[in-house]
Structure formats: C-alpha cells, structure tokens
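Single chain ahead, by itself, as structure tokens, in the form predicted on its own.
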Amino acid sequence: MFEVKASMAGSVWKITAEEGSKINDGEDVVILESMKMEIPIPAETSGTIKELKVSEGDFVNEGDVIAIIEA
C-alpha cells in the first residue's frame, strides 16, 4: 500500500478520484487550494484507491495522508 501525502498545506478544493477506482501513476487524486493557487496532488504509483482520508473543504498540512493506494 502506498500513501498519497500533501506536498504543502492548503484546503482540499476538489477530489478528482473515488474510492475503489483505478488510478495511474501521475494522475491527480485531489487539488489543493493554497494562497489562491490550485496545486494538484498526483498519485505516485498505479493501483486502486483503497481509502480517501479527506473531504472537499478539509484543511491539510504538509505531509498529511490524503489517500491510500493499493497496488
């Protein structure tokens, strides 16, 4: 299992993947909004999204786990 982590602090603006869906390496999982910029957070491996740890509107800090991917 692999963890997708926030690369910076911000609000979860949009979730672009669903639990149980297949995702490819480099595909966006969520988009954060920080200082009026949109920051995509991509998957670092291909697999299935086992669990999303955030909801739209949640605030995350750098290093927080956003999702878990099962290869």
Partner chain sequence: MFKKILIANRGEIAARIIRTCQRMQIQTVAVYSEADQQAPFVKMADESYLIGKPRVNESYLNIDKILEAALKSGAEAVHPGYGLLSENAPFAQRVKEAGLTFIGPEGDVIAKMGDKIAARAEMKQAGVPVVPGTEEAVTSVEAAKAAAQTFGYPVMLKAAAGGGGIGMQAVHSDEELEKAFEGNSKRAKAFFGDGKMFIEKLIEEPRHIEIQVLADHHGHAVHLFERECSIQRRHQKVVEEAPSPFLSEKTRQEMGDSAIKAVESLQYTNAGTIEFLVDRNENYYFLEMNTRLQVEHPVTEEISGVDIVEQQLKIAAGDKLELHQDDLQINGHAIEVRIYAEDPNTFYPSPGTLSNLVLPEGPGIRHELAVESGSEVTPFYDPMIAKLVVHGSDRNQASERLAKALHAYEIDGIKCNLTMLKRIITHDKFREGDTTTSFIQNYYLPTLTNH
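Numbering follows the first chain given and starts at 1. All of these numbers come straight from a predicted model, not from anything done at the bench.
One more form of this protein, predicted in complex with the partner chain, exists but is not displayed; see below.
Remark: Glu19 does not count among the residues lining the partner chain in the model of the complex, judged by a heavy atom distance of 4.5 Å or less. Looking at Glu44, you'd find every heavy atom of it more than 4.5 angstroms from the partner chain in the model of the complex. In the model of the complex, the partner chain lies farther than 4.5 Å from every heavy atom of Asp25. Within 4.5 Å of some heavy atom of the partner chain in the model of the complex lies at least one heavy atom of Met8. Shown here without the partner chain, the chain has Glu33, Ser34, Met35, Lys36, Met37, Glu38, Ile39, Phe59, Glu62 in 30 to 63 lying with a heavy atom within 4.5 Å of that partner in the model of the complex.
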